[in-house]
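Only one chain is given next, in structure tokens, and it is the form predicted on its own.
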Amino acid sequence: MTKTAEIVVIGAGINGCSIAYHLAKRGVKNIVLLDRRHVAGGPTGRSSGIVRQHYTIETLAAMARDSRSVFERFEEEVGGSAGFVRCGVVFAASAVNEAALRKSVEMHQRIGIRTNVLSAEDLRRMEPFLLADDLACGAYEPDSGYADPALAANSYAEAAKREGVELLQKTRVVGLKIQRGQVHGVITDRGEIATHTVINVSGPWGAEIAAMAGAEIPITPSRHPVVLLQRPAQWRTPTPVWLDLVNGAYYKPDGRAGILIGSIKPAEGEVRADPETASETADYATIAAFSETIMKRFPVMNEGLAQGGWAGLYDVTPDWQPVIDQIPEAKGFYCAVGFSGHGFKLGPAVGVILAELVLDGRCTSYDIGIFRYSRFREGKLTRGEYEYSIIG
């Protein structure tokens, strides 16, 4: 296979597919989108799919705000479906995080996110099965919810193909062709693609691809299990997504009867996993531990039933924020990697950002300075207000 492309996008998760789509919508011809597996074959396909806007960092909140709007109107804006369910999202906090939560809600309201602070008693009225004795308040977003990650990514891929993008699946990148500090091509296990512009959106493999261009991005691939439980018969009423800042967990409704549990604790990103061999199933110990966690917040789950689980990969940076930047080591090489487990909900906005970076030379829709590649050398990392870095 010998090809020529104007732009090559490496990685067909939600962000890679969104980037390819937005570039094509801006008029770029001859884009190649490739993946070593298949569309949503990496972290996207194992994502919990939560679509929330609650961030303590304004850039992230604005990106999430705009992305949520796209997910809700996906058929109209992109085509196909993202499987979006608007069930609401609650961030539940104790007195320890109350000030940061209220400050964040004020910022959200200022930038146009529909949200408000509820008391612990308000939360109990919202969900009678909630144990709220250790809660001070919660931030409630009625317009948020969850989507179907694999469906959303595939819908973006199909929309990109309608715009002329060529999708190559089961195509592994083995090298980049760099001459005099300029990208000249992508070398794959199926041949070479001549190009002067490459966008690295390869998630847990992001540092490996960046190294091919002479760039060092500190990414730790880590394994993130989630557990699916069946709610008991008495708790089949609608409930929002809950992010529990006390117990370091999230609980996402899954259909009418299921509920999905995952961790937001920093320890999730501290243990390195091999992206090629990491187990994609949840073991008995994880199921038991997560079951104990949800019962601390919803005691009724003592009567729930375990239905199994799975595990996906995070591409974690030291501050849990992505690198979205042009990389100076090789002209024409861009990265959008290191999303650290919260990249799915930002996918539509990431496509806009990379289209602006590549075609206009800078991003004007958002202040993306916090994502700059140089911040690690500068020692100026971007930290959120909560102890759980994944929240941002």
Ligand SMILES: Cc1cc2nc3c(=O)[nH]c(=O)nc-3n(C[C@H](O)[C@H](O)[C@H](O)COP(=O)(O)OP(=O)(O)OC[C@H]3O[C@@H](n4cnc5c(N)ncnc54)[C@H](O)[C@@H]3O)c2cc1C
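Just so you know, these numbers come straight off a predicted model, no measurement behind them. All residue numbers refer to positions in the sequence shown, first residue = 1.
One more form of this protein exists, namely the form predicted in complex with this ligand; it is left out here, but the text below deals with it.
Shown without its partner, this chain lists 104, 202, 317, 144 as candidates; in the model of the complex, only 202 has a non-hydrogen atom within 4.5 angstroms of this ligand. A heavy atom within 4.5 Å of this ligand in the model of the complex is found for one listed residue only; from 139, 249, 226, 183, this is 226. Judged by heavy atoms within 4.5 Å of this ligand in the model of the complex, the contact stretch among the candidates 79-87, 288-296, 167-175, 95-103 is 167-175.
The shortest heavy atom separation between residue 348 and this ligand in the model of the complex exceeds 4.5 Å. In the model of the complex, this ligand lies farther than 4.5 Å from every heavy atom of residue 20. The closest heavy atom approach of residue 30 to this ligand in the model of the complex falls outside 4.5 Å. Contact check for residue 313: a non-hydrogen atom falls within 4.5 Å of this ligand in the model of the complex. Residues of 38-54 placing a heavy atom within 4.5 Å of this ligand in the model of the complex, in sequence order: 38, 41, 42, 43, 44, 46, 47, 48, 49, 50.
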